[in-house]
Ligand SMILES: NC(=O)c1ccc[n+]([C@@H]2O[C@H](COP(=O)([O-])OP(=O)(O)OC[C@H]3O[C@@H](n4cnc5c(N)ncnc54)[C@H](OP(=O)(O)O)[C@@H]3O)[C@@H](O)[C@H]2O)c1
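Below you will find one chain, with nothing else, as structure tokens; this is the form predicted on its own, and questions on how it binds or moves follow later.
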């Protein structure tokens, strides 16, 4: 089968189209014929992980060494990127009960990666579910990571109907789903993004959109029950005055400083810093599927690239200009 393989860390030029062995499903696995897989933040980071120093690491410092060992120090241990996918079940292991040949599925591989290929095997009890009936493969492939993370983190702060919520980084993979999920939970949502993405965030249902290149939301005088800072671009000290009493400053990306702030605010003050790690479950992916089919969540596709142009897709994403998701598409016998 064809796959995008990289043998060393570096620029998009390290991504090469290769012929590799087609996987064979184990007794508890399904073999998925992949039709779409997006390029997300994790792909870009992993491809160039050799340059991710402890200071640049977007997770707690104690995790840097285990993650570095997992991915490899001098060269990558996982040779095929791609953590999200949508496709069709081509074969199942003899013990599989949840899926059958021909099922259309979507899923999330996390750090296991491997979706930048024509085929992939996954255990049936991992993060894989029947694809939403009202989405294309491309649209469905772009959902799992962002939607699962946003759902998980919003639940950790017990988001409530009627709350005022600001999402800083509202146009990215997590942020775009956080906007839609916060609206589903009944919140009044303000999205913060750059000028080219204002219309995108509006289309996702945000009640108000702030262009951070023209306005500092921390100086607007507005107060929120929850500020969800996706990439940690702001700080608790700056956002504190924009939080209501008992307000929460939620971080999806954080380091040791923010962890200490969380511990301190647990002891003192009514406004809290919440640093949370997402713990995805299959039942959450099924819940997301149901929300999609009910019209509560959608995907916005910016660009599509064939598998052969994966390096070019990475270059485009790295420019920071994408409006929505960038998806790699794969063709099998003229079926897309």
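All values reported here derive from a predicted model rather than from experimental measurement. Numbering follows the first chain given and starts at 1.
Separately, the form predicted in complex with the named molecule exists; it is not shown, and the next lines address it.
**Study point:** Among 89-97, 194-202, 241-249, 180-188, the region lying within 4.5 Å of the named molecule in the predicted complex by heavy atom distance
**Key:** The contacting stretch is 194-202.
Review point. Here the chain is shown alone; which of 258, 253, 104, 163 has a heavy atom within 4.5 Å of the named molecule in the predicted complex?
Key: Residue within 4.5 Å of the partner: 253.
Exercise for review: Have a look at 226, 206, 154, 230 for me and say which one sits with a heavy atom within 4.5 Å of the named molecule in the predicted complex.
Suggested key: In short, 230.
Check your understanding: So in the predicted complex, does any heavy atom of residue 309 sit within 4.5 Å of the named molecule?
Key -> Residue 309: no, not in contact with the named molecule in the predicted complex.
Review point. Residue 212 near the named molecule in the predicted complex, any heavy atom under 4.5 Å?
Key: The answer is yes: residue 212 has a heavy atom within 4.5 Å of the named molecule.
Practice item. State yes or no: in the predicted complex, is some non-hydrogen atom of residue 149 no more than 4.5 angstroms from a non-hydrogen atom of the named molecule? Key: Yes, residue 149 lies within 4.5 Å of the named molecule in the predicted complex.
Review point. Is the gap between residue 48 and the named molecule in the predicted complex 4.5 Å or less for some heavy atom pair?
Key: Outside the cut-off, so no.
Point to revise | Residues in 156-191 close to the named molecule in the predicted complex, defined by a heavy atom within 4.5 Å, in order | key: Result: 168, 169, 171, 172, 173, 174, 175.
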